[in-house]
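Only one chain is given next, in structure tokens, and it is the form predicted on its own.
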Amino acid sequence: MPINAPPPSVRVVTLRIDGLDLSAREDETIIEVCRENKIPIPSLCWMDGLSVVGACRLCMVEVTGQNRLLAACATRVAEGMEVTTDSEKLRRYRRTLVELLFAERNHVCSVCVSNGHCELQWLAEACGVDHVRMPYRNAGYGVDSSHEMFRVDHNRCVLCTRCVRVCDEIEGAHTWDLMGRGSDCQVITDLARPWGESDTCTSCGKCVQVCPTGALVKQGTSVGEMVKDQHFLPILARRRSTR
């Protein structure tokens, strides 16, 4: 197709979500349609403006005719699709996932700088998590305060990879990556060098702003002071895609 040619037309499909008859472009995902129509659906890894990884599995939904749950962030809408985003089965599933996140690492909300501004905390409240039924791992994770402006606390990381993707896809610095597997997995900078010694970090702070928890924060913040602003991301993503 010529560079200046108009994009091919995208078909509009009709579908039903939680009993509501809706229309959407066939290139949209279920979670995008839900957000556009103010239908609440939980997620920790998905973010408008970043690529889809389907890591947190919190946005799983029921689709009529499917014998398994589907990730709303990675499933495109289709003509005649019937979606259920809220059911007793889904509530049990999501609560279990949130409890596992709390049990795996050390999320102590009362002393966290993101207390009251944390997406994991909001999800726990929405899912009715008032206690954790699984045994806590109580494993110690490191805190890297070597950067003059920011700090990473691996005890509060949920491995959503937002920092990895925003650094790669928006800033273009490729500073963040993942290391290890399973419960030993963690985000790293420059092949596991201290953040303050990174040769690639531009200190832009985008990774800090997109982090859903208190894992990435500004230096010098106290309990409940870390308020994050993520409105810049869709704007930058659209500008970058039109270059």
Partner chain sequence: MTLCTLPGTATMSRTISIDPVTRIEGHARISLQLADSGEVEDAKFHLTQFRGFEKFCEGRPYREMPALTARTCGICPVSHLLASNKACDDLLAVSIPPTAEKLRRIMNLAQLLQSHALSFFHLSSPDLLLGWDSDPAQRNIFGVMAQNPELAKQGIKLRQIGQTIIEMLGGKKIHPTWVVPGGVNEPLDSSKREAMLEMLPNALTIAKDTYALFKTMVPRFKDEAEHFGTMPTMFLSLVSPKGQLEHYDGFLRLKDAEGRIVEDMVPPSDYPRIIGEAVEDFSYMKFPYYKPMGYPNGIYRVGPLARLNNADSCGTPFADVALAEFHMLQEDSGPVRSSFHYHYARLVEIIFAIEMMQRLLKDQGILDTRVRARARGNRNEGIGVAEAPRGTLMHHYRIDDAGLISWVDLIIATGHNNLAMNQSIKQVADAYVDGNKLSEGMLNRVEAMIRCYDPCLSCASHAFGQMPLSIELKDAAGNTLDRLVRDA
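Residue numbers count along the first chain shown, from 1. Quick caveat: nothing in here was measured; it's all calculated off a predicted structure.
FYI, the form predicted in complex with its partner chain isn't displayed, but the following is about it.
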item	value
Among the candidates 169, 99, 119, 153, the residue which, in the predicted bound form, approaches its partner chain to within 4.5 Å (heavy atoms)	153
Listed residue that, although its partner chain is not shown, lies within 4.5 Å of it in the predicted bound form (heavy atoms), from 130, 88, 148, 79	148
Residue 9 within 4.5 Å of its partner chain in the predicted bound form, heavy atoms	no
is_contact(residue 143, its partner chain) in the predicted bound form, heavy atom dist at most 4.5 Å	yes
Residue 223: touches its partner chain in the predicted bound form, heavy atom cutoff 4.5 angstroms	yes
Answer range among 160-168, 88-96, 107-115, 67-75 for contact with its partner chain, defined in the predicted bound form as heavy atoms within 4.5 Å	107-115
